[in-house]
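Have a look below at one chain only, the form predicted on its own, in structure tokens format.
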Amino acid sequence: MPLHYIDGKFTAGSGTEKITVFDPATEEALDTVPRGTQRDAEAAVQAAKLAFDGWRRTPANVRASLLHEAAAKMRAHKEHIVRLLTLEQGKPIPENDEEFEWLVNTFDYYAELGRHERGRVLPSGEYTQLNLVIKEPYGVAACIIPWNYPLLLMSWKVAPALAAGNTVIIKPSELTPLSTMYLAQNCFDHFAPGVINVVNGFGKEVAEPLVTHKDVPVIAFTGSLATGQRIASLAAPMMKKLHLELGGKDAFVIAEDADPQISARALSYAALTNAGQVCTSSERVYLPASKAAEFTEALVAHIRTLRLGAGIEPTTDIGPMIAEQFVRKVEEHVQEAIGKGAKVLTGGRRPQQLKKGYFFEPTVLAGVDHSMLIMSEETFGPVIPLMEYSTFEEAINWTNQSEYGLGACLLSSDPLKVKMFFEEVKAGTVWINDPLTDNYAGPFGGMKMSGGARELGQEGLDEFRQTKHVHWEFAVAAKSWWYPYGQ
């Protein structure tokens, strides 16, 4: 049984209960972890707090070497990490191979970026003065990680936080803690005690004590809007730095000039990766009425070739969802849409051939509208709802209709449509002809109710640094504008 990792040591913690981790493809138990308590959270905070001064004073080159060493250790353990991630989370191995590459390369990227600069020098008001802008770490950063990309989204927070000079406490999802604990056991042991800590448990018992702790100035969280609002309400009286990425209801717009076959493959990838359990999944699709039949036919034909199964099987295209309650939510959204007039073109149910596991068939719905939950609430499952538009301007207006603004996709080779789309759409990332592709140097994050945090790039590092202005006068002498004014 993997234990908590606090102050450089593995511990069962103060609780007596355990959390069982299940394989979502088979519903079989994989392992257990301790169910953490407020006392365990407190122990992690004290360890991270004591380690902070030593870590922030560690030269940037040394911090960089330690981050690179973590990435090197991960590469040495790749096969086991990918297999464990697949078993506990469910994504097919090719998708977890990709998550692994993001994990290690993010540590390498921030290792270098962290020693690139610490601020800037400003032109001074006087020859005898020096003005500096210095970027400094906050202290202890609590990193609360979701289950859909447990290692990728951990690295997007932990790597820049460490590179900036903060110490960290990782709270993995109770659904997917095993791969994170494997990193603690095999890839983080060369950091000084207290620099990286991992506490397992549920939100109320571990995450909330971290959010409200006076010695934790930074809260980094990816997850639902409701949980983000809860965190914000708890942290607001303490004026904490909040780093919140709160999901989305991303639109995918197909222009008239797009190729139907390419559109089918691009849309399927954007909507069905990780069984649709991605904050940037395309959950609203707008296609031109003039060519709707052609695009729809190509999409349905392609969807029916995709293979559903356990992620560990090499033939699988789409794996299971993470747990029963998430499958039920998808069923509710689909049934509500059908009740309001939507038509199922393929899928729409649990697969009859798979008797175990949390599976839902990749589904295409036609005849949807914005009154349906499937077009307004985050579904987080393998469903593609299609809605026809009359003009491109109408598609843009519909794209902006959601309260979320995380990402948006467009397929078009028309430069005027492309420019109009990225200028007018209110979303943190706009993908043109290459959906859901990120860039280590390009910031990722949302607008509106998706939260204002930014991960990756220089912006991702600055999320974990606070700014200080230093005004230094070399010539120590009285100034003419000091008191008394009459002289």
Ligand code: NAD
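The numbering used is simple: start at 1 and walk along the sequence shown. Because the structure is a prediction, the values reported are computed rather than measured.
Although not depicted, the form predicted in complex with nicotinamide-adenine-dinucleotide is the subject of the following passage.
Next on the checklist: Between 109, 360, 295, 380, only one gets a heavy atom within 4.5 angstroms of nicotinamide-adenine-dinucleotide in the predicted bound form; which residue is that?
Outcome noted: Contact residue from the list: 380.
Checklist entry - Among 144, 330, 409, 187, which has at least one heavy atom within 4.5 Å of nicotinamide-adenine-dinucleotide in the predicted bound form? => result Contact check passes for 144.
Next on the checklist: Can you tell me which of 335-343, 393-401, 302-310, 238-246 lies within 4.5 Å of nicotinamide-adenine-dinucleotide in the predicted bound form, counting heavy atoms only?
Outcome noted: Selected range: 238-246.
Next on the checklist: in the predicted bound form, does every one of 203, 224 and 230 come within 4.5 Å of nicotinamide-adenine-dinucleotide, counting any heavy atom?
Outcome noted: Judged in the predicted bound form, 203, 224 and 230 all sit within 4.5 Å of nicotinamide-adenine-dinucleotide.
Checklist entry - Using heavy atoms and a 4.5 Å limit, would one call residue 326 a contact residue for nicotinamide-adenine-dinucleotide in the predicted bound form? => result Because a heavy atom of residue 326 falls inside 4.5 Å of nicotinamide-adenine-dinucleotide in the predicted bound form, the answer is yes.
Checklist entry - Contact between residue 172 and nicotinamide-adenine-dinucleotide in the predicted bound form at 4.5 Å, heavy atoms? => result Taking the distances in the predicted bound form, the answer for residue 172 is yes, it comes within 4.5 Å of nicotinamide-adenine-dinucleotide.
Checklist entry - With the partner left out of view, is residue 444 within 4.5 angstroms of nicotinamide-adenine-dinucleotide in the predicted bound form by any non-hydrogen atom? => result Output for residue 444 is yes: heavy atoms within 4.5 Å of nicotinamide-adenine-dinucleotide.
Next on the checklist: If we define contact as a non-hydrogen atom of the residue within 4.5 angstroms of the partner, is residue 317 a contact of nicotinamide-adenine-dinucleotide in the predicted bound form?
Outcome noted: No, residue 317 sits far enough from nicotinamide-adenine-dinucleotide in the predicted bound form that none of its heavy atoms falls within 4.5 Å.
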